[in-house]
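Next up: a single chain in C-alpha cells, the form predicted alone.
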C-alpha cells in the first residue's frame, strides 16, 4: 500500500492546489515574492515543494530552508549557504569539508567554481561570527545565482519560527538585503497568522508590502473525491460512494485528515479476514485513536485560557450564533476570536467561524462535551 500520511507530496499526489500553484509561479516569475499562510497540516510545504520542482524544470536555482528545524543563527547561515550550493556539485564539497578549515581552504584554491565564495571558510572557523555569516549568506543567494545567470527561488518554510532566533533583528536584516536583490524571488510559509501579520501585513512590519499574501483553505470536494476513488481502485479496494462522501463531509477537504481516513480505510479492509468493507464509524474510531495524543495535547494548550477554551467548545457545539451562545460578562468573544484566529485554531468561511481542525471538533464533541 503506497500511501504515506503526514509527509509533503508533489506531482500526482498533490491534488486540488492547481490554481494556487499557478498563481504563485506567475507571481514569482514576475519577480514578486509570496507569503503562504495556513494552519498546520493544510499542505503548505507540499505546495512549496511543487512550486520549487516546477521552477527547477525551467532552470531556476532553488534554496530551501526549514526554520522549524533551525536551532541557531550559525545553522541558519549554514543552511542558506548549503541550499544555494545545492544547485551545483559544490554542495557535496561544502558538506564534506565545512568542519575542516584547512581542507576547505585547499578546495577553495583548486576549484575555480568557488571563486567569490571565500566567505564559506568562516563556517570552519573555531569561533565564527554568526551575524556576519548570516549577512553574507543572504547576499550569496543573489550573487551566486547572478554569476550563473540563473533566476533563483529562495524558500523559507515556517518562517514565523524566526522569532526564536532574535526575529526582529533578523527580519530587518533580511529585508535590507532582499529588497535590492535582482535575481531572487522569495517564498515564505507560516502557520500562525498573528506572527505572519507582524512580519508581513501590519504597516510597521519589516516586510510590509514586500510579498503577496496567499492563504490556503480546504480542498474542494470533486478533486478529492476523484483522488479517493482513484487510490482505492489502484489498490484493488472496493468502496461505497456514500462512505467516501461522508469522509469528505467530515474532513471538509482537510488535506491531512482526508488522507488519514483513506489510509485507515485501506488498512482496515486489508487486515480484515473476509475483506469486509469498513464502516464509517469503524474508520472514525481508528482515526481518533491514532490522533488521540495530538488532540489531547492541543486541548491542553488551550486550557490556560478560559476565554479561548469556551469559544472553542461553543464552536464544536455548532451554535448558530457564537456571540449569543456566550452570554457571559467575563468572556470577551471578539478578543478570543482574534486570538484563536491568529493562532490558526479557527478560520472564517462563508461569514462563519469554524474550527480549522475538523477532527478536533469531533474529539471535543465526543470527549469534552459528553
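Numbering follows the first chain given and starts at 1. Just so it is clear, the model here is predicted, and its values are computed rather than measured.
Not on display, but discussed next: the form predicted together with a small molecule.
Contact between residue 354 and the small molecule in the predicted bound form is not found at the 4.5 Å heavy atom cutoff.
The closest non-hydrogen atom of residue 269 lies beyond 4.5 Å of the small molecule in the predicted bound form.
Proximity of residue 256 to the small molecule in the predicted bound form falls within the 4.5 Å heavy atom cutoff.
Mapping the unseen interface onto this chain, residue 336 falls outside it, with no heavy atom inside 4.5 Å of the small molecule in the predicted bound form.
Contact with the small molecule in the predicted bound form, defined as any heavy atom within 4.5 Å, is confined among 141-149, 271-279, 256-264, 197-205 to 256-264. Put simply, of 80, 219, 283, 185 only one has a heavy atom within 4.5 Å of the small molecule in the predicted bound form, and it is 219.
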